[in-house]
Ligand SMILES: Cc1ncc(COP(=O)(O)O)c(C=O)c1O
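In structure tokens, the next block holds one chain alone, the form predicted alone.
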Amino acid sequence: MNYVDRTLRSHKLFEKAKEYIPGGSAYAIRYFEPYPFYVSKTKGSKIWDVDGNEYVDFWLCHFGAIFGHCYKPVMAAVKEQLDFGAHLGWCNEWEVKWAEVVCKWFNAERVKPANSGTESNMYAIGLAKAFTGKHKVGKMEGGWHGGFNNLNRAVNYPYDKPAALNLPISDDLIPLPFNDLDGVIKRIGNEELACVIVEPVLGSAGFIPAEKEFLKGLREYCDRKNTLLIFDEVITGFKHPNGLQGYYGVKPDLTTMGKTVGGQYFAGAGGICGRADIMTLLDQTKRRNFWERSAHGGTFVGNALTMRAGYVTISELFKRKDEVYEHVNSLSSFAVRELNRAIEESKFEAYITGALSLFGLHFTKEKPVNGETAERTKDRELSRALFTFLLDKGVAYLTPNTPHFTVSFAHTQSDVERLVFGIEEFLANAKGINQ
């Protein structure tokens, strides 16, 4: 039975949604043709739609659910907290406990919560400008840092186009080539930057990892130029103990966080951590006049529900990190190894990228090392065909144009084999299409 025949209730919901929601979807990234399915239940590595169809989920709350869906210790804490209040509107003990474990995780001196990854990056950029007295910002082509207007450029290819109808191209933002230190220095030229922000693994470009020497070179360049280095670890912060900065051995001045840091699902999940001398610009006890401080705030910032969920999640990672990371990295390594084998045997023009429990599949004519090489020769038709094919195999991920996946502690060997064997079957059936 094909997708349309299996999802009649989802189809009806989508038609109803279009009457009230532009595009019929709360967030455009979740839409796919002919219409999205609507999830009614989640558990572990699985999701179920309103028609009762089961899928193995490799999207996992926008790559944030390291333990999988509905992890019992987190859910138990959340249920208990609901009896005491979710958003109290006052300081609460959980923000203190949360702050302590976050600082320990990232070896940071200070931290402030934020409402989302987007707001984390927004406040971090403002903080960098306030600390350095400079105004220009460097960001990587193909890097996505949320809906903050000042960073929402050079996300999607071609990179010289505005990111959206309402966003002018600003001279204060300088797009930089990922994994090309010489190109970065050439693009910056004589400009004085407040900061350079980079994802250690490019997310929306399909999980393209940074080269260690590239990040080390950025660190050295920023030190020479009195420019702050910011790692956006919204996706990657809990894919390795101490984040990907721990994996690469490169320490940024500031780290931005989201998703997992708030317990995987809950509102108000974000934060900024880093050096005390920078973070003090957010300290109202030392800078009593608002015009002497860098901006920060938000109604739901530090809400008890999110802080407690985040605290429990990170505490569980501290307690179980050896078994968690051995499991997810082993499953991911298996997937990457088997997919590379399938690609080689099928003689397909395709490449696997990734790091640790994050990996992507690219139908390109060259192995992607940055956003441009991931997009310039991408076969989008083939990518969308794979997406549809895997849905009918009970495998779900986003987006249709960019197949990229993450593995959680809840995934099993058979879950990952379903993904691998599904892609292998697709390559065998589609052989010759892109030759």
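Residues carry their position along the shown sequence, with the first being 1. Please read all numbers here as calculations on a predicted model, not as lab measurements.
What comes next is about the form predicted together with the ligand, which is not displayed.
Sole residue of Gly274, Pro113, Gly117, Gly310 within 4.5 Å of the ligand in the predicted bound form, by heavy atom = Flagged contact: Gly117.
ask   = Among Thr260, Ser357, Thr306, Asn121, which has any heavy atom within 4.5 Å of the ligand in the predicted bound form?
value = Going through each option in turn, the one that passes is Asn121.
ask   = Might Gly183 be said to contact the ligand in the predicted bound form, defining contact as any heavy atom within 4.5 Å?
value = No, no contact at 4.5 Å.
4.5 Å heavy atom contact, Lys139 to the ligand in the predicted bound form = No, Lys139 is distant from the partner.
ask   = For His145, is any heavy atom within 4.5 Å of the ligand in the predicted bound form, or not?
value = Residue-level check for His145: yes, a contact with the ligand.
Val234 within 4.5 Å of the ligand in the predicted bound form, heavy atoms = Yes.
message = To test your reading of this chain, name the stretch in 145 to 153, 318 to 326, 244 to 252, 335 to 343 whose heavy atoms come within 4.5 Å of the ligand in the predicted bound form.
response = Looking at the partner contacts, the answer comes out as 145 to 153.
ask   = Is any part of 190 to 204 within 4.5 angstroms of the ligand in the predicted bound form by a non-hydrogen atom, and which residues would that be?
value = Only a single residue, Glu199, comes within 4.5 Å of the partner.
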